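Quick setup: one chain, the form predicted on its own, written in structure tokens, and binding and motion questions come after.
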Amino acid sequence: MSNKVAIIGSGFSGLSAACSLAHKGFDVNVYEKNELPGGRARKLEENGYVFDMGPTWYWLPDVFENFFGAFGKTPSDYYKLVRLDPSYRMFFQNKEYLDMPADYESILQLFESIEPGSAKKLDKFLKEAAYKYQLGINNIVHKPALKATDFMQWDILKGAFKLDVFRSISSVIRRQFKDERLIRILEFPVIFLGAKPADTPALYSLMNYADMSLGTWYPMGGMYKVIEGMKQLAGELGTTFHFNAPVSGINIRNNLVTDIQLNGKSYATDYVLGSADYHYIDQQLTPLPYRNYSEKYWEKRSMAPSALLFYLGINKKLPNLLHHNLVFDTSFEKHADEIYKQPKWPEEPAIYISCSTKTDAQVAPEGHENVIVLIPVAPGLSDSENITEHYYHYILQKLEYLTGENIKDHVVYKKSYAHSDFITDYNAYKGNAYGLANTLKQTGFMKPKIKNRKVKNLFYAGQLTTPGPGVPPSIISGMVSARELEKQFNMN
């Protein structure tokens, strides 16, 4: 076999895999159905506003450092990173809010001021979370997770009890902390992992370590600067990119991929690495006899939330908001049930507000604010203009209440984005935004595999496979899948 690789999709996992394989001397071609790289992490530029269409949180900075470091680079070679302080603001009832300091001692003091004795408990909780982070991020998530024995190493087995995979994070938190505001601060990082905190393994307290110890960062210009940096690096390493290039099929003969279909033509390749939506590649692009899973299998998967997003350009400054704002002034338990237990459009949802102009003036015209509002919602719902308009008025009222300002008359740019958009733009299964839920039954080797079981030169990466949803896991996923592809190449 020669070494030509076709990567389908140019999100974080696709770019990560492209860099990894090009660095190893593979002839890498990336095929992206949209006109820009980034997948869900594309940017939207309109009327002087620059919106990150997908991820807006920059957590786990060491993952980015390790990625660029693998090629003798640093993030600063491609973008300027600043640490946010406070990291974010969390709103509760009656406009009460707490700001999360960047300084660790200040976090302990904040907890102690709210609930005496909680600083010591938090310090112990985060030391345990640090252990989970070091073993999890530096070891476990880099496993290909093709079989259970991938995790049969002494350091993993020795630490299995400390990893806390059989208790829920909610039970661990609520046993130690009583104030509902502190509980909400500690539970919120797992919201987008795909299950209620009561159903999420306590292993994921590692996200609290990421939040409170490693901090919240921002690449000036927006998260898309990371995509631009990764694409630039991939190009420097020899990757060729094809945009407006939706792959329509994968041709397989004698259990080997022979070529891909694009615009009615065939393009020969020695390997395919699918970093676009796994379900779409498996069920739509792959011929039936060679699919890794059945449609019934996919129907049984638990999905992380989808999202209803609003991108708003506002021609005035808004007080009382930080860069990141989480609004929990309604019953989150009810909202969570409407996502995970009885899927439906929520009545009074919690919301996330990004106002990146609080940090970065270049993403909006002078004197304006760049605002993104996200409502987590169940995957698989049907959206319509009436539904999005209903929630548009809901979030406008919420913004006006929190800021004390008239906003509806000052919105000069507006775009909504929901399930049907995720399906159209990304072929997203059930209109998912965040991929596969990180439940106990979908952890490690129980996730969809990064390697096709019947076709030895077909691989997968991204948020529907190992290690899971989120930007850092997707970057790691691309590297892991590339490594497995290289192993297969060396066996031939």
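Values in this document were obtained by computation on a predicted structure and should not be read as measured data. Position 1 is the first residue in the sequence shown; the rest follow in order.
The discussion below concerns the form predicted together with a small molecule, not included here.
Shown alone here, Gly380 lies farther than 4.5 Å from the small molecule in the predicted complex, counting heavy atoms only. For the chain shown alone, Lys449 is not a contact residue for the small molecule in the predicted complex, no non-hydrogen atom being within 4.5 angstroms. Mapping the unseen interface onto this chain, Pro246 counts among the residues with a heavy atom inside 4.5 Å of the small molecule in the predicted complex.
In the predicted complex, at least one heavy atom of Gly39 sits within 4.5 Å of a heavy atom of the small molecule.
Stretch 460 to 468 is the answer when you ask which of 66 to 74, 460 to 468, 43 to 51, 437 to 445 has residues with heavy atoms within 4.5 Å of the small molecule in the predicted complex. The partner is absent here; in the predicted complex, the one residue of Ala418, Ala276, Leu193, Val371 having a heavy atom within 4.5 Å of the small molecule is Ala276. Shown without its partner, this chain lists Val141, Ala350, Leu309, Val172 as candidates; in the predicted complex, only Leu309 has a non-hydrogen atom within 4.5 angstroms of the small molecule.
Annotation: in the predicted complex, residues Gly9, Pro55 and Phe422 each come within 4.5 Å of the small molecule through at least one heavy atom.
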